[in-house]
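First, one chain by itself in structure tokens, the form predicted on its own.
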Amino acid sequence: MPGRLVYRTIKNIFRTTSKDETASQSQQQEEKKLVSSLESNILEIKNSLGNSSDLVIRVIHIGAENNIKIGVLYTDGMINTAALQDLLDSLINKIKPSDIVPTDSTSLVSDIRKNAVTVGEVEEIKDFNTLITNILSGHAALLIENEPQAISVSIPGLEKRGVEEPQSATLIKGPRDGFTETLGTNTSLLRRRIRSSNLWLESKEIGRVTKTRVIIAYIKGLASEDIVKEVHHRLDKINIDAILETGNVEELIQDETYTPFPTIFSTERPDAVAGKLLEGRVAILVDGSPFVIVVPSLMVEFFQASEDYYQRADIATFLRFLRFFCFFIALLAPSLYIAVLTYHQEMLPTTLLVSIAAQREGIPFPAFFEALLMELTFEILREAGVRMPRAVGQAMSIVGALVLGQAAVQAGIVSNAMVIVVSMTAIANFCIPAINLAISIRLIRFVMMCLAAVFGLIGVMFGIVLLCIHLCTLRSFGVPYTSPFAPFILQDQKDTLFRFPLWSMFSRPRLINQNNVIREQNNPTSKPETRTGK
């Protein structure tokens, strides 16, 4: 508690300082309005962008006697050139002189907007800040002589990556599409799966410099209003100059708790996000990132894979039990080996004890140092394999592990049993579907090894108790992180360790959804009827 109080105090100090700085900056940069002179407006935009080379400015004349001068401004490479050409053709060739003669009740800007602009989303802008932001976001700006406002036409044409299978969550059976770095593509992938008017997408802009677009997605009537308000509140509190990736948002909105465990779920799979939205959760999409975060999140979700819902319930249940078993192997195998060999040799069968003792004959290091050396070596190999080019990374990891392991055994630095334990630990760690949870296990494993080296099995049990207490104190947007185990909810056990058949999972998670708990309305507890012909 004292540590958390100090953390919050320091965080509030930094927030207050940043708010004061932001307020002073906003006072210095007052909102500047457009003027009637076309040349003055263009000059102001050029000066604001530092005469950037990618700012394209074209001046065209339209009207009966070419007496209406219009400036077209856009960022090179940020717009759709075909749509821009259609826009210029409409302004120059397809507009009659009578179409752009304003009446007493309309302005020239409104007349051109209604009659000449036939592509993209159109907006009238009166200040420089908004206009410059739109130009840098893939909009074309139309500045008209003698008019103190501009027309912004949305015709973005950024180069984007196609929809591909996500590399971070591969499946054998299931859809192959994944999110990309383009926000419009990601929202369309969600709309493709949830064709409901209740799927609401609310947009925000975060980052004083980057002005990153963030979308909050939820299903109206399923998601809790309190959770939606909390998401808006935490996003509105973000006061930073740059948001470049989903991880930035995740770190800024997560619950204020020191923990190695991920309390926010992130994925590249649209089907996984759609399934969680249907449970009443809220998704956050960030422009420029292929990862989507979902809140609130529970620990049990990090052991679940999308493929669990695309195959038989008994197979999915077996795989989930296997993942939980691998979780304990990855967390405790080295520490149990250290504790037994150091303090509790009597627990081993005599034959096995003699075999291990023969292998360790001549090993100059104790079991703890031996395990620590092998674990650190494997972590170095894993990190090197990730950072190296993909063509040689995997080969280097496999060859490096084999060569180093064999050489270490022959040199008498480590025993064969230790190599087996470390290898099984690493393989079990790869069975965890969520990579962020797997990294947390790798960190906690070293703590458990230290406890085992000092206190033996008593230290291991003490570490497990502390770990359980810590997990029970965690919250994800107000929802207990360990639910539905603690607090125990019997109805929600159908989709935790076990994966019941879909026809029996008729209710949504109780602590997440309070508005519309029942999925299936017609006789939800009965198995579908089987009809056979005579």
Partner chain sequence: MKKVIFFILFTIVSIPTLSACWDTREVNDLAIAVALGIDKSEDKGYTVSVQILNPSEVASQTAGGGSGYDTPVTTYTSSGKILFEAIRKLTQQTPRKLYLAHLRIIVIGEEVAKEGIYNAIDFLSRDPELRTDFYIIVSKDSKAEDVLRILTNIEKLPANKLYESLEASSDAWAVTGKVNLNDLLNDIVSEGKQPVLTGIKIKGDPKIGTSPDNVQSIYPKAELVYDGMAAFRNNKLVGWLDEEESKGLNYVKGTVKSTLIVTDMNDGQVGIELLKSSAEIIPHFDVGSTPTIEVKITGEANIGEVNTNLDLLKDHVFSELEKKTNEKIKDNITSAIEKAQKEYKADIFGFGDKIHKEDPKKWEEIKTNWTEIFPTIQVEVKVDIKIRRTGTITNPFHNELSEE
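Residue numbers count along the first chain shown, from 1. Model, not experiment: these values are computed from the prediction.
There is also a form predicted in complex with the partner chain; it is not shown, and the following applies to it.
* To do: Can you work out whether the partner chain is within 4.5 angstroms of a heavy atom in all three of E256, Y343 and R360 in the model of the complex?
  => Heavy-atom distance to the partner chain in the model of the complex: all three under 4.5 Å.
* Asked: in the model of the complex, does G184 have a heavy atom within 4.5 Å of the partner chain?
  -> No, no contact at 4.5 Å.
* Is P349 close enough to touch the partner chain in the model of the complex, meaning at least one heavy atom pair within 4.5 Å? -> Yes - in the model of the complex, heavy atoms of P349 and the partner chain come within 4.5 Å of each other.
* Asked: Quick one: is H470 in contact with the partner chain in the model of the complex, heavy atoms, 4.5 Å cut-off?
  -> So H470 counts as contacting the partner chain.
* Do F321 and the partner chain come within 4.5 Å of each other in the model of the complex, heavy atoms counted? -> Close contact is absent here: in the model of the complex, F321 is far from the partner chain, nothing within 4.5 Å, heavy atoms only.
* Heavy atom contact within 4.5 Å of the partner chain in the model of the complex, the stretch among 361-369, 434-442, 78-86, 168-176 -> Of the options given, it is 361-369.
* To do: Scan W200, Y309, F261, F455 and let me know which has any heavy atom within 4.5 Å of the partner chain in the model of the complex.
  => It is F455.
* Asked: Pick from L278, A417, I240, L353: which residue has any heavy atom within 4.5 angstroms of the partner chain in the model of the complex?
  -> Checked against the cut-off, the match is L353.
* **Residues in 72-91 with any heavy atom within 4.5 Å of the partner chain in the model of the complex** => Going through 72-91 in order - heavy atoms within 4.5 Å of the partner chain in the model of the complex - there are no hits.
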